[in-house]
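Take a look at this single chain in C-alpha cells; it is the form predicted on its own.
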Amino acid sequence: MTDHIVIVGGGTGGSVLANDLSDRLDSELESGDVAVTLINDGSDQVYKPVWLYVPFGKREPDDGRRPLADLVDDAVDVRNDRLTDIDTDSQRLQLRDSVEDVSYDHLVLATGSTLAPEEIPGLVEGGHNYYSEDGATTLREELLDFSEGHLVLSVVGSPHMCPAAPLEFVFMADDWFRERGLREDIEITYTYPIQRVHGNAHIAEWAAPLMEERNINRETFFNAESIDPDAQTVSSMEGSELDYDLLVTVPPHRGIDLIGDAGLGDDGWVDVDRHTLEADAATSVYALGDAAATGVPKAGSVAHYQAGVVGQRIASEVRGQVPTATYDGKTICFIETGMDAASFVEFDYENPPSPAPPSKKLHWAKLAYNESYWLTARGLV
C-alpha cells in the first residue's frame, strides 16, 4: 500500500517541503511505497519579497516568478488545481478540476496568506499597496508622479506577511525622495495598530529612534477603520483622523476560508502545536508557513525552517518511527533601512532579536539572498 503525502500550496514552504521529502524518501518514492503530490492554484511560484522593490523601480514583477514545475523534483506529482474542500475525517480533498477526490495519508497545508482590503470601507478605492503584483506596479506610477504632499503608510491589520516590510518601505521611501531632492516637500507618516512601531518590542525599540532621526512621523495605536477616497482621509477606531495625499497600506490578511470550514482554525490560519506543527483539530495534518498559527512572523525564512521539520516528521512516520524533530521558532530577516543599507535579525522562541547596525554590506547580502532564492526553493541551499 502506498503512503500518499499531499502538500497544498506551492510557495516557499510547499516547494521546499516537496524537495525535502523527495530527498529524504528517495528509495520509498522509487519503490512506489510513497507518493508525494503538490497541489497549487497556478502554474507559477511567486517570490513576494521582490514586490517591495518594484515601486522604487529596482525590480520587475517577473523577477519574482518561476514555473513551479521547474522548482520541484520530478519525483513529485505537481498538480495545477484549486482546493475546494477538506474532509479530515475521511482524509479526502476535493479539487475544482478533478472528478475524483484525492485521498491522503499525510496532509500539509501551506496555503499562505490572502489580502482582504474589502474588509475596510474605502480601502480598495483609496489605498495602494505593494503586497500584490498589481499593487506594486500601480504604486510605482504613483510614486513617480508624487513630488510633494503627505505620504501615509498605514498598517491596517496584523498578522501580515513580512512584518519588517512596512518599516522597510518608509525607510526606503525617505531615502528615495532624498536622492531625488524632494524630501523637504514630502511628509511621511507611519501608522501601526498597537502602541509601538512593530509587533516585536525589540525591533520596535530599535526602529523608533531611526524613524525619529529620519523625520518619519509615527502614529501608534492607530487602527484604520475606514478610508474616504474623496476627502483623502483615514479614520481610526480610536477616533483620530489623518489627511493624506498618497496612501500606502498593508491590507488585512487572511488565510483561505476552507481552513475555517474544515474546523482547523480561525481566519484561515491552522491552529497547530507551535513545535511539532501538527494541527490541533485533526490527525495526520500539518501546517507550515503563513498558514500555521504559531505566533512567529509570516516570513519566507519561517516557512523554510518549518518545512525541514515537517519533512523529518513525515519521513519518520512513513517509516514507522516516532517523529522527534521540532521547530524552535527560528526566524531570520534582513531589514532595509534605505536604498543602500540594511540591518539583519535572527531569533527564535527563546532568544529575542537584536538588530545589527545598518550597513551597505547587509543590504547587498539581502539582494544576494533574493537572487539565490530560487536555489533555496529547489532545495539546493
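We number the residues from 1 along the sequence you see. Note that the coordinates shown come from a computational prediction; the quantities given were computed from them, not determined experimentally.
Omitted here: the form predicted together with a small molecule. The next part is about that form.
- In the predicted complex, no residue of the candidate spot (G127, D174 and K361) has a heavy atom lying within 4.5 Å of the small molecule.
- Among heavy atoms of L288, some come within 4.5 Å of the small molecule in the predicted complex.
- Looking at K48, you'd find a heavy atom of it within 4.5 angstroms of the small molecule in the predicted complex.
- Contact check for Y244: every heavy atom lies farther than 4.5 Å from the small molecule in the predicted complex.
- With a 4.5 Å cutoff on heavy atoms, T249 does not count as touching the small molecule in the predicted complex; it lies far away.
- Comment: 75 to 83 is the region of 75 to 83, 189 to 197, 272 to 280, 234 to 242 lying near the small molecule in the predicted complex, near meaning a non-hydrogen atom within 4.5 Å.
- For the options I256, I120, L151, V296, the residue carrying a heavy atom within 4.5 angstroms of the small molecule in the predicted complex is I256.
- Of the residues L107, A262, V155, A165, just one reaches the small molecule in the predicted complex with a heavy atom at 4.5 Å or closer; this is A165.
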